[in-house]
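The chain that follows stands alone, in the form predicted alone, written as structure tokens.
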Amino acid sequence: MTATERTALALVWILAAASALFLMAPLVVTVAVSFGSSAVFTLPPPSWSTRWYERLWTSRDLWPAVWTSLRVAVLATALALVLGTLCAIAVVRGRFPGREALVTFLISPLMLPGLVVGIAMLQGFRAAGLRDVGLSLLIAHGVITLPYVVRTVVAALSLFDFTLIDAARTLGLSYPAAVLRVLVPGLAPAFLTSGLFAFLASMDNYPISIFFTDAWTKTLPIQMLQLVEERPDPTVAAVSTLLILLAVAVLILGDRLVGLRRLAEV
């Protein structure tokens, strides 16, 4: 390895380390503040304490928002998995003009600012006469999680051998049974990956949820912002730390399940 190559390799490692430090620093600061004893955001903390985590268990405003976010995220993920898979099959197997435009339309919520999508859906729901908060939240979150499923399942279907379904049908299975017994297991890693990302995107969404909540129904990000405005203490940092742990746990679980699936196939 020449001196130029060693210098270039060192620069690459330095840039990679600097990028990782830049991305991880806010997370480290949040976790450190959540374990501080000070009632304000102080770093380094004067002493270590778990008082803010203990305070979470007695919060009357936080837990209803947590259950609302969990309920909406689970239902929206299930809705996105069903509709996204059907749309992906239609795009991959269908032969009609405008397929690429349809795919772009389906993933467009990821391309547009969240506030723009939220305002557009708010106007649409108002024009349709939809006033129910829970249903509005579910539909809105279904729209923003659908692109994750469509992109992942379309990529997986492009590698799937559809002659397996024809073979299953020649063995006596109906088309729906062949899909359930052949296609669904083959796409299980794609379902798992897209479902995890959809769930996390729904749990963490703020710019769209803000348009579809009221004084009685709030998601966790909206409730956290209200806590910052009304009571700016490290309780929010404790909630953020738990959300970070949730994201890490979900991703590790997804990686383990995909690995087990691949071992089972081998």
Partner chain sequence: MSAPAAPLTGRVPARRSLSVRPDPVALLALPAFAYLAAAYGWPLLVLLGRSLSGPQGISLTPLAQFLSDPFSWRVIGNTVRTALLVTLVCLLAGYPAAVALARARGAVQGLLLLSVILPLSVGVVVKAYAWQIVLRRDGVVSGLLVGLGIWDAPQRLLFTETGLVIGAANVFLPFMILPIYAVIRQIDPRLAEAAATLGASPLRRFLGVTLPLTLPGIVSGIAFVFSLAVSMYVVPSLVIGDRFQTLATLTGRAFLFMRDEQLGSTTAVLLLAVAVAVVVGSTALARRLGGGGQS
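Treat the numbers as computed from the prediction; the structure is a model and nothing was measured. Residue numbers count along the first chain shown, from 1. Heads up, when I say rigid core I mean the largest set of C-alphas that superpose within 1.5 Å between the two forms.
Heads up, the form predicted in complex with the partner chain isn't pictured, but that's what we're talking about next.
In the predicted bound form, no residue of the candidate spot (55, 63 and 134) has a heavy atom lying within 4.5 Å of the partner chain. Using a 4.5 angstroms threshold between heavy atoms, residue 210 counts as touching the partner chain in the predicted bound form. Contact check for residue 35: every heavy atom lies farther than 4.5 Å from the partner chain in the predicted bound form. Of the heavy atoms in residue 102, some are within 4.5 Å of the partner chain in the predicted bound form. At the 4.5 Å threshold, heavy atoms of residue 253 stay clear of the partner chain in the predicted bound form, well away from it. Interface residue among 155, 78, 188, 116 relative to the partner chain in the predicted bound form, by the heavy atom within 4.5 Å criterion: 116. Along 58 to 90, residues 79, 83, 86, 87, 89, 90 each place a heavy atom within 4.5 Å of the partner chain in the predicted bound form. Core-aligned CA deviation for residue 245 between this form and the one not shown: less than 2 Å. Comparing the forms between this form and the one not shown on their rigid core, the Cα displacement of residue 24 stays under 2 Å.
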